[in-house]
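The chain that follows stands alone, in the form predicted alone, written as structure tokens.
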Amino acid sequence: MALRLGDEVPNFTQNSSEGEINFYDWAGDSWVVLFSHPADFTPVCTTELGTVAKLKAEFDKRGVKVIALSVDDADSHKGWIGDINETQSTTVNYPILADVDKKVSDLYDMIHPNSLNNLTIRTVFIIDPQKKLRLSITYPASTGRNFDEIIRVIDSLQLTDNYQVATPVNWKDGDDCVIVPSLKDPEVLKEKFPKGYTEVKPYLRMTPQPNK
């Protein structure tokens, strides 16, 4: 069954480039980005894994752990990591799950036969500390993922969780936010948004980003 937003993601224990991982234990209280790949030594994915390694400090400061998945085994992953480090001028600093038996791919509905036969599709999952799925994006094999966008979404989700705001179209960190419609009491609004807000319409109220 396909995972839907808000679902609790399934736990699993699987081998990886860094040894056996129990997903829930490994994730702990962190946010997680899990991103899947159809196979090792694939060109687009090689560039993605290198970029994620370079962005790890950005994920770390947001309390996010990153973990990749490919259907090949851990020894193959280690060889691929050598290529990634060499060609992308980086050091892979996070685990790559070895999903040889496709256990995780099946749990997370990553096998789409009309797309990649029996290989995993290229999906990004953002999972919150309560193990709830907050975002999934599936890319075609030919299109590299935009991890700046993934970080932007994490910033938006964390703002929503902490400050009861949403983010408008093309929002970037530091831009004005939207007050969620469920907040209506004027005293609550004054307390939560001391910088004030602009009421464009009763349902569209803009406020400076609360944590800036």
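Only a predicted model underlies this, so the values are computations on that prediction, with no experimental measurement involved. The first residue of the shown sequence is 1; numbering continues from there.
Omitted here: the form predicted in complex with benzoic acid. The next part is about that form.
S.K.: Of the options T51, S30, T42, T160, which one has a non-hydrogen atom that comes within 4.5 Å of benzoic acid in the model of the complex?
M.R.: For this set of options, the contacting one is T42.
S.K.: If you check A141, L107, A74, I111 against benzoic acid in the model of the complex, which one has a heavy atom within 4.5 Å?
M.R.: Among A141, L107, A74, I111, a heavy atom within 4.5 Å of benzoic acid in the model of the complex occurs only for A141.
S.K.: Name the stretch, out of 42 to 50, 173 to 181, 148 to 156, 63 to 71, where some heavy atom lies within 4.5 Å of benzoic acid in the model of the complex.
M.R.: In short, 42 to 50.
S.K.: Considering only 10 to 41, what residues come within 4.5 Å of benzoic acid in the model of the complex, judged by heavy atoms?
M.R.: Going through 10 to 41 in order - heavy atoms within 4.5 Å of benzoic acid in the model of the complex - there is one hit, P38.
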